[in-house]
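Just the one chain here, the form predicted on its own, laid out as C-alpha cells.
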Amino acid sequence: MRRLFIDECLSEDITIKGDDAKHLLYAMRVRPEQVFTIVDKESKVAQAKVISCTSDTVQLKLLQYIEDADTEAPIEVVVAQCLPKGDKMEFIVQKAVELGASSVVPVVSRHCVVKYDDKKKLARQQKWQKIADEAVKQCGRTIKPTVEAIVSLEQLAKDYADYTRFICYEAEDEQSFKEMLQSADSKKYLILIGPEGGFAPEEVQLCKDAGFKSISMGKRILRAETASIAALTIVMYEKGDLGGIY
C-alpha cells in the first residue's frame, strides 16, 4: 500500500497540499476511495481513504490506526560517505535508507574527484533527499532520514562527538570491524567511508585524534559504494534489527 508522510499529527480529516498533492494528482492519478498508509510527524501510522480531490489538494479521511507499525532499528546509524564519482551517491543514499540509516552525510575529502560549487552542492543535496524520501515510502519506514549538507572531512571530525565513530580504512591491519563492534556498547554509530582513492594517512590521523576508531573491512579492497552498504549492513546485523523476525 502506498505510504505518505505528513508534517503534522494525524486527525480525522487530512489534507495533502503542495508537491505531495501534485505527485498524487498528476503522477499517481489518485482518485476518491483509494486507501493509503499515512505516517505523521510523530511516526504514528494509520490507514486513510481519499474523499475528494481538487486541482491542488487531496482530502483524506482517517480509517484506523495501525498498531505495532514501528519499523525503525533500535540504534541510530549515520553513513558519512566521501563523495564518489558519477551517480554512485544516489545508489548509496537509496540503499542506506532501505537498510535503516538515520541520516547520510556527504563528505569532501582529499581524494574526492568530484568538485561542486555552493549552488551545485545545494542542488545535489536536494536531489539526494528526494531519492531518500522515495526510498522511505518504498521500504515502509516510519521516519524520514535526512541527507545532510555536504561538509568537509575536517568539519565532520568535529561533529557527532556523542556517537561511536568508525573510519573504514583499507590500510588498517590491527582492528577488524567485527571485533570493534562486538566490544562496543552504544545506540548511536557513525561510519565514515572514503572515495575511490581512499583516505590520505593524514586524514586518518585527523579522525583518530578526534576519537574515531580505524577499522578494517577485510582483506579485499571494496568499491566506495560497496563499502558503504557492507559497513551499514554489518552494523545493522550486529547491533540493529537486520536479520531478525518482527
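One rule holds for the numbers: they count along the sequence shown, beginning at 1. Remember, predicted model here, so these are calculated numbers, not experimental data. Think of the rigid core as the biggest set of C-alphas that the two forms share within 1.5 Å after superposition.
Keep in mind the form predicted together with another copy of the chain is missing from the figure; the text below concerns it.
Engineer: Only one of Val30, Val45, Leu181, Val204 has a non-hydrogen atom within 4.5 angstroms of another copy of the chain in the predicted bound form; which is it?
Structural biologist: Comparing distances to another copy of the chain in the predicted bound form, the residue within 4.5 Å is Leu181.
Engineer: Just one of 186-194, 65-73, 205-213, 45-53 has residues with a heavy atom within 4.5 Å of another copy of the chain in the predicted bound form, so point it out.
Structural biologist: Going through the listed ranges, the match is 65-73.
Engineer: Is Arg141 a contact residue for another copy of the chain in the predicted bound form, using a 4.5 Å heavy atom cut-off?
Structural biologist: Arg141: yes, in contact with another copy of the chain in the predicted bound form.
Engineer: Taking the shortest heavy atom distance, is Gly100 within 4.5 Å of another copy of the chain in the predicted bound form?
Structural biologist: The answer is yes: Gly100 has a heavy atom within 4.5 Å of another copy of the chain.
Engineer: Contact with another copy of the chain in the predicted bound form for Val113, defined as at least one heavy atom pair within 4.5 Å: yes or no?
Structural biologist: Val113 belongs to the contact set for another copy of the chain.
Engineer: Quick one: is Glu90 in contact with another copy of the chain in the predicted bound form, heavy atoms, 4.5 Å cut-off?
Structural biologist: Looking in the predicted bound form, residue contacts with another copy of the chain do not include Glu90, since no heavy atom lies within 4.5 Å.
Engineer: Heavy atoms within 4.5 Å of another copy of the chain in the predicted bound form is the criterion; list the residues of 202-239 that meet it.
Structural biologist: The stretch touches the partner through Ser216, Met217, Gly218, Lys219, Arg220, Ile221, Leu222, Arg223, Glu225, Thr226, Ile229, Ala230, Thr233, Ile234, Met236, Tyr237, Glu238.
Engineer: Using the rigid core as the reference frame, would you say Leu25 shifts its C-alpha by 2 Å or more between the shown form and the other one?
Structural biologist: Moves: yes, 2 Å or greater.
Engineer: Taking the shown form as the reference, report whether the CA atoms of Lys120 and Ala27 lie closer or farther apart in the predicted bound form; the distance changes by 3 angstroms or more.
Structural biologist: It is farther: in the predicted bound form, the C-alpha atoms of Lys120 and Ala27 lie at least 3 Å more apart than they do here.
Engineer: Would one find the Cα atoms of Leu122 and Lys22 closer or farther in the predicted bound form than in this form, where their distance changes by 3 Å or more?
Structural biologist: Farther apart in the predicted bound form, by 3 Å or more.
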